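One chain follows as structure tokens, the form predicted on its own.
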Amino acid sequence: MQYLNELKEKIKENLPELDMVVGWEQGFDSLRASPLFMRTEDDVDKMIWGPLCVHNLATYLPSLKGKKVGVVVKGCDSRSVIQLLQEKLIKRDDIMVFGLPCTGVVSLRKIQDNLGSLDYIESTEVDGDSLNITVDGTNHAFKLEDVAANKCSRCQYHNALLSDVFIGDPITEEAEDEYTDVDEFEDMSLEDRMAFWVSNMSRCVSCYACRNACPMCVCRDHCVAQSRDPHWITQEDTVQNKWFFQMIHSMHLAGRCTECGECERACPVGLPLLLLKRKMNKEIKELFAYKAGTLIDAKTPLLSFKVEEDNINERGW
């Protein structure tokens, strides 16, 4: 793939100074990529790059605190690195960021909706703006834009916003994100909105994959979902418990969520979890003119304090 050889060379060049570099390799079949932890040059040779590299590798950085770690990032991934740095959850001196320009990644869920099953993938080929997948001897051709993750159609950050090594030519085109999906949902009646979430939460299996995949969800050892002192959530399989957890999760991420979509990607039953996070971010943007993970020296609004907020008239009621 484009830029891959140059990226490998740069990683090998810097690997002696690092404990490891986190990238992607082919997973258990040709369609899926998996995180790759590179410690030797042989490991680097396994690395892949392209629209199949969907994971946000910044998720691993807090757990590798204290090590010298390199990480390969797309534009949306780099926002998570910046947000982690803002909150001092990782140290700048401990990480080396390898940035790449990204035109989008695929949604395995969209591909599965078209194919019916992803159990037996025989071969996968990315050719320009096309994706060819062979299943049971039959080739299926897709345009990448038709099976791209929803976040990619509104991406404003195709290039890594933070990088020590940037590979490739920066992409200058940017989409607009007016939160139209949130607006459309808000246009629904309260009853329809509640019915929508009750229906979705009834499908939740409480696996917490959304939490585990989130790069900003770093308090897993003290998560309200599993805490017994205090005891916030029971083990009952109820919509109320599941909805309670998702609301707490969304509030904890208000102003911190970089909208990488890992929560939604990791969900085994396809819940539209990013809609909750984007609703919070829309409010944060309107109230505080802030977008998570875009400015390394900024302060997250709900993790800081101002006596008078510019867009909140507390004293003029």
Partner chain sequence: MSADSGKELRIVGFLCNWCSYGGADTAGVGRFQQPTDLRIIRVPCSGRVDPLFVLKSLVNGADGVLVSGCHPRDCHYSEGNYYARRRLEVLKRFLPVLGIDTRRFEYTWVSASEGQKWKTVVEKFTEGIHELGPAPVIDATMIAKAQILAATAL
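Residue numbers count along the first chain shown, from 1. Here the structure is a predicted model, which is why all the values come from computation and not from measurement.
Below: the form predicted in complex with the partner chain, not depicted.
In the model of the complex, no heavy atom of Ala141 sits within 4.5 Å of the partner chain.
Shown alone here, Glu186 lies within 4.5 Å of the partner chain in the model of the complex, counting heavy atoms only. Shown alone here, Ile312 lies within 4.5 Å of the partner chain in the model of the complex, counting heavy atoms only. The shortest heavy atom separation between Leu302 and the partner chain in the model of the complex is within 4.5 Å. Checking Thr180, Thr172, Ser117, Ser199 for any heavy atom within 4.5 Å of the partner chain in the model of the complex turns up a single hit: Ser199. This chain appears without its partner; in the model of the complex, the one residue of Gln240, Asn212, Ser130, Thr134 with a heavy atom within 4.5 Å of the partner chain is Gln240. Although the partner chain is omitted here, in the model of the complex none of Leu36, Asp43 and Val71 has a heavy atom within 4.5 Å of it. Remark: of stretches 46-54, 257-265, 23-31, 282-290, the one touching the partner chain in the model of the complex is 282-290 (heavy atom within 4.5 Å). Taking a 4.5 Å heavy atom cutoff to the partner chain in the model of the complex, the contacting residues in 248-269 are Ile248, Ser250, Met251, His252.
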